[in-house]
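Here's a solo chain for you in structure tokens, the form predicted alone.
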């Protein structure tokens, strides 16, 4: 029997819930409320490996997992050798920024020359400083990065931010952006010939493509059909189907959910009736 496909999933943190939901939407029966760190999904010949997000790129590269989800920043920090980035997942957006205390005289990244910078991303920071010709000391910490200037451990920090609220609460201000990151689907390069990798990738991508879309159905009188079709900014040309009534057609279209508020009333005014909007679970454009 083929060995189970092992999927590394963040056990906690900002990516955990969204990753679990994405896999479930993609048809992977991720168990809930399970205290085990390696959870079998026997009916699909898979295993869910719950791990620290920071560890997932290493687990994939070293063969402890075949595929998994981590932050793009973690892939850069731990190295991409032996790992293929399959898909950007569109959640977990954040920025890795340089920040200093509000009272600091430092206003630009160039002024960090000679400074001590605390971070949990020493490799990414070292590459950034080198690329910008800045010579500074890197203080590697695994937590409480924001406190480093307050307790005298560093002059500045390099840390992840989403909204910037944590910086504000710790009297820090950003002076530069090192990178932007989001959750990514990763696979071990040696595992990618396994067809199950491509199957899972397609399922995940079809969920991501479907999330911002809606399936719109309506009935259109033939005299207004052309005007109604002109209003629809669908994925492709809408599907037109004849109805039992000889003077009407059904119109089906995939539209952006964000377009619906401005679409529904004009469609009704143009003569559309029986409008029905449905969510889409999977979409392969």
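Just so it is clear, the structure is predicted and the values come from calculations on it, not from any experiment. Positions refer to the first chain, counted from 1.
If you look for the form predicted together with adenosine monophosphate (AMP), you will not find it shown, but the lines that follow are about it.
Among 106, 203, 124, 161, the residue placing a heavy atom within 4.5 Å of adenosine monophosphate (AMP) in the predicted complex is 161. In terms of contact with adenosine monophosphate (AMP) in the predicted complex, the residue from 147, 199, 93, 141 that brings a heavy atom within 4.5 Å is 93. Taken together, the three residues 101, 119 and 170 all stay farther than 4.5 Å from adenosine monophosphate (AMP) in the predicted complex, as judged by their closest heavy atom. Residues placing heavy atoms within 4.5 Å of adenosine monophosphate (AMP) in the predicted complex fall in a single listed stretch, namely 65 to 73, out of 65 to 73, 252 to 260, 236 to 244, 220 to 228.
Put simply, residue 274 is far from adenosine monophosphate (AMP) in the predicted complex: not one heavy atom of it is within 4.5 Å.
Among heavy atoms of residue 268, none comes within 4.5 Å of adenosine monophosphate (AMP) in the predicted complex. Contact between residue 9 and adenosine monophosphate (AMP) in the predicted complex is not found at the 4.5 Å heavy atom cutoff. Residue contact with adenosine monophosphate (AMP) in the predicted complex: residue 22 places no heavy atom within 4.5 Å of it.
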